[in-house]
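What follows is one chain in structure tokens, specifically the form predicted alone.
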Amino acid sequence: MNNETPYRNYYRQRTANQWRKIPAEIGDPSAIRPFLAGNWKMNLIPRAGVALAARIFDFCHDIKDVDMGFAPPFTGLSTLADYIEPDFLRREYGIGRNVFLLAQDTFFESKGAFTGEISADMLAAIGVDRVIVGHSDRRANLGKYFGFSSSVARRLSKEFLTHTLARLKQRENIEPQVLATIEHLLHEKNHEVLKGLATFLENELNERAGESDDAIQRKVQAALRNGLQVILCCGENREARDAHETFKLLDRQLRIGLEGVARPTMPEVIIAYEPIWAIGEGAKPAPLEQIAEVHDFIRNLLMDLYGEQIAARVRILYGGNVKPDNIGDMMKLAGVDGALVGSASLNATDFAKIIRFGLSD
């Protein structure tokens, strides 16, 4: 990367089939403002969340040229909403209208027997501005904790199938093919086949037990319908990256996720690219050239779907081990408009440095 200071407000233009940033006057309402969002995940009780936000604001007095977002757990939303009231933030910190409350997820139905879920209109009612949809934790990682895959695998054990076969034989009108299949699997010569099938299905379901593209699309629609802006996440796992299927996967995720989002509504959507292999303890952020390549791909896809004018203005964030020492170089990239920050957003000093990228301390 070059040594230029990254722009904090800018326009974006496409010339000679390339996107580039052009510096804008700070405060120009037609300029693009970066968005730095902290996803606190399942951390911090409400009072601790307010204390963290207050400490971050202490370091970010009078920072008005970028948007800041805070995504506490559901339990902390109301408390933080009361604290980040714009008039209070303006009096105390010289900020306010550029601070946004984010929810980490929503559900696509408005009410009903959906124990544990939160609807978009409930979030809007307590002051949430934007909602994260399709985060990698929900697309993939949480599937490993739900237990569905191991439950299926247990049903392929010899003991379970023996008991099931005895039970089914006592019933009437059982399909003969079902009994024949179970008896075949229980034959001693198929013992290793049964074990292999159980292992295969457990691994396969671990990978696929998260939220589907269709469920994410319904969440996008529910959020927009209730006046919430959307941060739509997308990203590939290590297997897709190694198989050179990143673009194919992102194309599918975004086309389905944005299905039904009309052109006038698209400015209410922010895209976050978060490669799953770059997230978590011990992982490394994606190389800058890969970030640039993927952001250009996403922006060109948006141009195909919504036209060049909207594609130029839609903000595309990067997420995946964003730190104070790499945010500046990331923000120099023509396609990057901010970051969805995980662990570093739980440290007031680090997240404040990320918000203050390009400024002298």
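All of these numbers come straight from a predicted model, not from anything done at the bench. We number the residues from 1 along the sequence you see.
Beyond the structure shown, there is the form predicted in complex with a small molecule, which is absent from this document and is the topic of what follows.
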With the partner left out here, check for me: in the model of the complex, does some heavy atom of K41 sit within 4.5 Å of the small molecule?
yes
Taking the shortest heavy atom distance, is G280 within 4.5 Å of the small molecule in the model of the complex?
yes
With the partner left out here, check for me: in the model of the complex, does some heavy atom of N347 sit within 4.5 Å of the small molecule?
no
Does any heavy atom of S343 come within 4.5 Å of a heavy atom of the small molecule in the model of the complex?
yes
Have a look at V322, V336, L36, L52 for me and say which one sits with a heavy atom within 4.5 Å of the small molecule in the model of the complex.
V322
Per-stretch contact check against the small molecule in the model of the complex, the hit in 327 to 335, 25 to 33, 313 to 321, 297 to 305 (non-hydrogen atom, 4.5 angstroms)
313 to 321
